[in-house]
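Consider the single chain below, provided in structure tokens and representing the form predicted alone.
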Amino acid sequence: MVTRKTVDWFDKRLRFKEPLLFMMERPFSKHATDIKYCFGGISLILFINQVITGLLLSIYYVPTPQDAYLSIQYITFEVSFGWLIRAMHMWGADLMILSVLIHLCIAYFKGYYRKPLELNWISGFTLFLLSLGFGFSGYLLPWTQLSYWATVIVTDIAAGIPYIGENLLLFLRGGMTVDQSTLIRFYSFHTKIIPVFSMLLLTLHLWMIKRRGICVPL
């Protein structure tokens, strides 16, 4: 059990209490109980759920065309509570995208993109795009017929973009067809690249909210 003396010992060497308290302390607002202003926090909780359940799933998942589907079946039917962890991750992804979208729409219609909160808006909108990237990259990982052909269709649509379409197709697929290179790329996007950018941007977003305060109607 962690004692106060242990926490104080680490704090004297790492000095983590002061910045942590700065981020956690916030004056109570009369709008705090309004559901419209809770979707940012809901999105954060769902993101934490995705990180934890994703790490647990990665213990058993094998990102190869031969083993991806079998590993998902093993997680679902053989691993203890694997079905629950997978369901939390799968439904959590949909709920997180929905929550971030609602949060973004509320911020837009309330005009929270105005000066001096432009960077809050830009970082929030970018986090929404990264959430879509999470959903798109994770959809292929079960390697089912549905996820395979959905990826083929979406990447074919991307190939139709003028000037950059062909290069974008090669970047996403790692070749002209959806195969092992595509699965490895999507797995890297889903578990490494997008999470790193999301955590950095989320930290910046929360820091700016703490510095500037939460926007509420005058």
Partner chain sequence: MDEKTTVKLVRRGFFRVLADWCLKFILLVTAGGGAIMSLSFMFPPRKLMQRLTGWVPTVDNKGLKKGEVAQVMFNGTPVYVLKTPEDKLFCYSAVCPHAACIVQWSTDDQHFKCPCHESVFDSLGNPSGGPATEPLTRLELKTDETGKIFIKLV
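Residue numbers count along the first chain shown, from 1. Predicted, not measured: the structure shown is a model, and the values here were computed from it.
There is another form of the same protein, the form predicted together with its partner chain; it is not shown, and what comes next is about it.
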Which of these stretches, 53-61, 179-187, 149-157, 35-43, has heavy atoms within 4.5 Å of its partner chain in the model of the complex? 53-61
Taking its partner chain in the model of the complex as the reference, which of Leu141, Ile75, Val100, Ala93 has a non-hydrogen atom within 4.5 Å? Ile75
Its partner chain isn't shown here, but in the model of the complex which of Leu132, Leu119, Leu84, Cys105 has a heavy atom within 4.5 Å of it? Leu84
Any of the heavy atoms of Leu127 lying within 4.5 Å of its partner chain in the model of the complex? no
